[in-house]
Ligand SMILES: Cc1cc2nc3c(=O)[nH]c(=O)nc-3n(C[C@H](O)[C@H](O)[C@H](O)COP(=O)(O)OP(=O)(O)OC[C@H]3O[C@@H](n4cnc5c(N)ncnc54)[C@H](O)[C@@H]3O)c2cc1C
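First, one chain by itself: the form predicted alone, in structure tokens.
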């Protein structure tokens, strides 16, 4: 099954029944308003409701219909960047707090599953990190030493990962990692929020978010939510123009779900050290394999990436019978390797954000729920300074320059020619960029022959969008905003649709 609709056709959707909620129909007030009903938004809502706060959650689609729907749900203290790199960037104490917070996130999920009786296939298991061909095993030695300094004392090097079909060589084993079914878990969370007095409104698009003595959120339908505090949990902040978006970059990552005979693959979490790296887990008889990342809007070779992913998987797991699912997701990679959770820079003190999942969205989303609950309740939290969104990591300056130079280069698309010269040349069922004088137009030609025309200029910071053939979306190469084929915004940082022509 291919993802050609702009919506995920992931394995999770086949086996989870999510609760449905109505749209906002009047002005309302709450102690806390949360924009975004993914893992971070729903976790924060659940914890705040438990502490007696009145909470409203707004989402412009069904709950968990954004990037949380597309996760492969590795619950792990093994992060995308190595601990020896993170210790260099954030110090030994920073690395220790990182490991501590991700371990606490897994413990929190386990506790909620038990307390709420959520049937979501949660289980503890080992994780294995192994090197790619041609790389030195010294990487594992460095990482083991750094992981132990960070408090992961049970980590150890083993002769190989427990996979019979291919020899990984020496591997670094991390005990007490976990996996679960994320949509079943969040369906249970959502029901608990409603039980505890929370209000969840779906199909409710926020068009303006303001902090202040009384914060306010204006919706597309003209209704107003006021609150004492606001949390923007929309994968990347839609209320922020520049401050955070210069410190992280959007990437598409690709996943296949392959059928394998039961019990032929040892159940564990696996990662290699490639760049981009591969990540693997097992869900019953489905082997989930991901990787082949690229910057959003800066490549349109999805089929080739899926093929390379399949070839990589079949070489190492010859028992694969068929590829049942293919999908992609968007991850935000901070220049210094860790998420931004806390007060939005240069904004009112009662407006908080969570972003920068860096491939560990489920644990970071849970960390955000824990940390933001403490901040709103006025409690000290040892992780607050580490995740502070306004932080400046001097040692990440080189990556900061590289990422922002890359963004600057994308603006050359303003002066290039379009993909085609005339609307009539746009193939049916696809999209293309056309130039008309000084303007660039995004044209989609639907199956009935109707043309849909929008400005090709992203309403966030003026990048020129590119057509994504695989998902039938318009993707901005600057900061990762995405729009459906007729211009409706799907992903921030843009908060508005492409302008109709």
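Numbering follows the first chain given and starts at 1. The model shown is predicted, which means the values in this text are computed figures rather than measured ones.
Note that the form predicted in complex with the ligand isn't included here; everything after this is about it.
431, 257, 359, 389 - the one with a heavy atom within 4.5 Å of the ligand in the predicted bound form: Only one listed residue qualifies here, and that residue is 359.
Listed residue that, although the ligand is not shown, lies within 4.5 Å of it in the predicted bound form (heavy atoms), from 226, 302, 253, 168: Only one listed residue qualifies here, and that residue is 253.
The ligand in the predicted bound form: contacting segment from 71-79, 91-99, 133-141, 156-164, heavy atom within 4.5 Å: Looking at the other structure, the answer is 71-79.
is_contact(residue 279, the ligand) in the predicted bound form, heavy atom dist at most 4.5 Å: Yes, residue 279 is a contact residue.
Contact flag, residue 45 vs the ligand in the predicted bound form, heavy atom cut 4.5 Å: Close contact is absent here: in the predicted bound form, residue 45 is far from the ligand, nothing within 4.5 Å, heavy atoms only.
The ligand contact at residue 149 in the predicted bound form, heavy atom, 4.5 Å: Output for residue 149 is no: heavy atoms all beyond 4.5 Å of the ligand.
The ligand contact at residue 86 in the predicted bound form, heavy atom, 4.5 Å: Outside the cut-off, so no.
In the predicted bound form: members of 201-240 within 4.5 Å of the ligand, any heavy atom: Residues within 4.5 Å: 204, 205, 206, 233, 234, 235, 238.
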